[in-house]
Ligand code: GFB
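Okay, so here's just one chain, in structure tokens, the form predicted on its own.
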Amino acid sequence: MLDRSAPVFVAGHRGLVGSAVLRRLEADGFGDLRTVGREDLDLRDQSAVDAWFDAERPRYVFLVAGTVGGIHANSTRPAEFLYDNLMIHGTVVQAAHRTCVDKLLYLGSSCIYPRLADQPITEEALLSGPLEPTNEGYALAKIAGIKLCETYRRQYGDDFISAMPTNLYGPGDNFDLEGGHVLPALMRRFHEAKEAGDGTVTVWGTGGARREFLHVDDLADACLFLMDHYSDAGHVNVGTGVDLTIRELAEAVRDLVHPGAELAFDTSKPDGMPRKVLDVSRLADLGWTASTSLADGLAETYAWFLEASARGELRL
């Protein structure tokens, strides 16, 4: 169990995951949470990161920072996604090692797995086949992050662990129509269509690809659970183990946001991996399972979207 009075660094605290991790740690009684914005610290700069760690001396690190986005962002900015994430992961892991951090959690992504991996995807599928081309740069950086934690553990004995979440959503998401992920982008499209009186909403791809979705608060809970209860070398999948088609997802968002709207599928846009659902039996065996249903999570996310939009605080 982590010492709730010890200093904790949440790298990437303003993002979807980082903000959820902060909420979860605060709720669990952690009283010394350390954060820093990108305007004050460039996590790609090793000397700057080293200086920050020297000054702050966190005992625990949640490494959830990174450059993220959906299919369009990944496929049009591959060098940025590869470079930024390689550097961010490398600088923080090295600084954590050098300052003798007690424990670090590195958060990867389910895109690390091969495009045609057997489903549900087990942790052993890593590096067993070619990656999905549309997010290869991001995936390579995330794989490197896993291997960083494994090699620092093997060479130096550092207690660095890795978790691989499935597709995430929830309060604080990025609702950019081109840079964001599929679920928030769909939610915004249906909302704007309703506001404009438009009865048709375009969905990228064929609608046939299958995806799994995890509420970000469930992920934050799993992160704390793993930090408290897991200290092995292998990475751990985090998800629900349940998937649905993009058409089914779009219909669920439509029924919540803009009932009666028609769906139009733009098949010129890529589907990405045909199917991606994680085998979460390793995490279940450890004693953790997700608790938020997709219906409840969508309703909560849309309520947050409306409130944030009214305040002018949406990430667009």
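Please read all numbers here as calculations on a predicted model, not as lab measurements. Numbers for residues come from their place in the sequence shown, where the first is 1.
The form predicted together with the named molecule exists for this protein as well; it is not shown, and the discussion that follows is about that form.
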message = Taking the named molecule as it sits in the model of the complex, is Asn167 near enough to touch it, meaning that at least one heavy atom pair lies within 4.5 angstroms?
response = yes
task = Using a 4.5 Å heavy atom cut-off, state whether Asp279 contacts the named molecule in the model of the complex.
result = no
task = Consider Thr240 of the chain shown here, and say whether it contacts the named molecule in the model of the complex, taking contact as heavy atoms within 4.5 Å.
result = no
Contact of Cys111 with the named molecule in the model of the complex (heavy atom, 4.5 Å) = yes
request  = Check, residue by residue, if Pro7, Trp52 and Met87 all come within 4.5 Å of the named molecule in the model of the complex, counting heavy atoms only.
outcome  = no
message = Within 4.5 Å, heavy atoms only, one stretch in 216-224, 232-240, 92-100, 68-76 touches the named molecule in the model of the complex. Which?
response = 68-76
ask   = What is the one choice in Leu131, Leu82, Ile246, Ala163 with a heavy atom within 4.5 Å of the named molecule in the model of the complex?
value = Ile246
message = To verify the annotation, which of these, His191, Arg115, Arg153, His181, has a non-hydrogen atom within 4.5 Å of the named molecule in the model of the complex?
response = His181
ask   = Can you tell me which residues in 183-198 come within 4.5 angstroms of the named molecule in the model of the complex, by heavy atoms?
value = Ala185, Leu186, Arg189
